[in-house]
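Encoded as structure tokens, the following chain is the form predicted on its own, with no partner shown.
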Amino acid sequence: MREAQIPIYAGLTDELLEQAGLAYADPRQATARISQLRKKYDADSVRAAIELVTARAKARLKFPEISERFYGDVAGVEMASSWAVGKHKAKRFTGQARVWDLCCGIGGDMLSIKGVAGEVIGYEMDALRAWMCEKNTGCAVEVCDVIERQWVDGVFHLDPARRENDWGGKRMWHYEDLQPGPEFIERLVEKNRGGCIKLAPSVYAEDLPFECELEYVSERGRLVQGIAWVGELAECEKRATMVDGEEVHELCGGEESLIADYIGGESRYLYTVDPSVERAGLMNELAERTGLKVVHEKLGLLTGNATVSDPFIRGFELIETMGWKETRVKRWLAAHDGGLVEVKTRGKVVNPDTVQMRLRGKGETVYTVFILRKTKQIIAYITRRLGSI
């Protein structure tokens, strides 16, 4: 699969890549520059050069130290674990003599696993991505369909496809849509000592017909992965992980306690919660750890009468609470020196970009307005960020 493209990518010259980079950097001149390139180079080489420079541009956030020499296609980079997330995951493989990286793609996870395990061998159906992975990691990668092999008594990392096809397309969010599919995954879990299965963050524990630790990972405030740890690599029942560059914060939990035990009315301060915590069902654990209460089971907010510092939360002083009516909130803001306004919502209650422009006033004070559906009523919480007051 795509084996014929390997010599094309291998033959890309620095001059062609430089010119392709100029085309990518200036979209207004891209068409003209690409036309000029096609007069000097064959169409396949130009197409590959544009794809590679675009992929490297996207790789700057995920692989900042090596992006300029990184090999990948755009979809491959988009699907790859970032270096920071890969380093976090790799810690579980420390000391393993051998790790199978199944469906390894362009090698995002392998880059980190190879530094902690004795040997990492990659297996990838797409010949071009297998070649790219070898270039990126220096590890051996075999081109094969992993379904056709027997995997027994080992330790594995599996990254099943979560798109309609290997080169992009619509994302697939359900466990049963993965490729390789559930039958292969369940056999892999049963026959091996331990492993890691990379999943979409939309997965639920009840979707998985095997015991595992289910970890949800956020990076720069956005959920990026669900991970099922199985066998000897599992450590707890569920985990929320927040990755921010070199900093990694984790929160673990077991059986879910009743969220009603932690619900309290709005207090002096509101706290937003990193999405990994709510997704992992660990709001109760975070409330207990911080001494805060849950405002409502579906709002993703904690509350308390004291300022609290924790990496998983961001604090706001609650100034006013009222039923949501735009004109009413706007009048209040105007009467209280309102200037720039940040709107936070969920469930598409309002369009935050549109509403915050309409609420913006002529004053100097910056407010954050939460517009949320609480049971049957839409509530506006008018707040100021802690640290800005």
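Counting begins at 1, following the sequence as shown. On a predicted model such as this, the values are computed, not experimentally measured, just so you know.
The discussion below concerns the form predicted together with a small molecule, not included here.
At a distance of at most 4.5 angstroms from the small molecule in the model of the complex, all three residues Asp109, Asp159 and Pro180 contribute at least one non-hydrogen atom. Of the candidate stretches 98 to 106, 313 to 321, 226 to 234, 299 to 307, only 98 to 106 has residues with heavy atoms within 4.5 Å of the small molecule in the model of the complex.
None of the heavy atoms of Val248 is located within 4.5 Å of the small molecule in the model of the complex. Contact check for Ala84: every heavy atom lies farther than 4.5 Å from the small molecule in the model of the complex. Proximity of Ile121 to the small molecule in the model of the complex: non-hydrogen atoms within 4.5 Å are absent; the residue sits far from the partner. Using a 4.5 angstroms threshold between heavy atoms, Ile147 counts as touching the small molecule in the model of the complex. Interface residue among Met79, Cys139, Ala117, Cys212, judged by heavy atoms within 4.5 Å of the small molecule in the model of the complex: Met79. A heavy atom within 4.5 Å of the small molecule in the model of the complex is found for one listed residue only; from Met125, Leu208, Cys252, Ala200, this is Met125.
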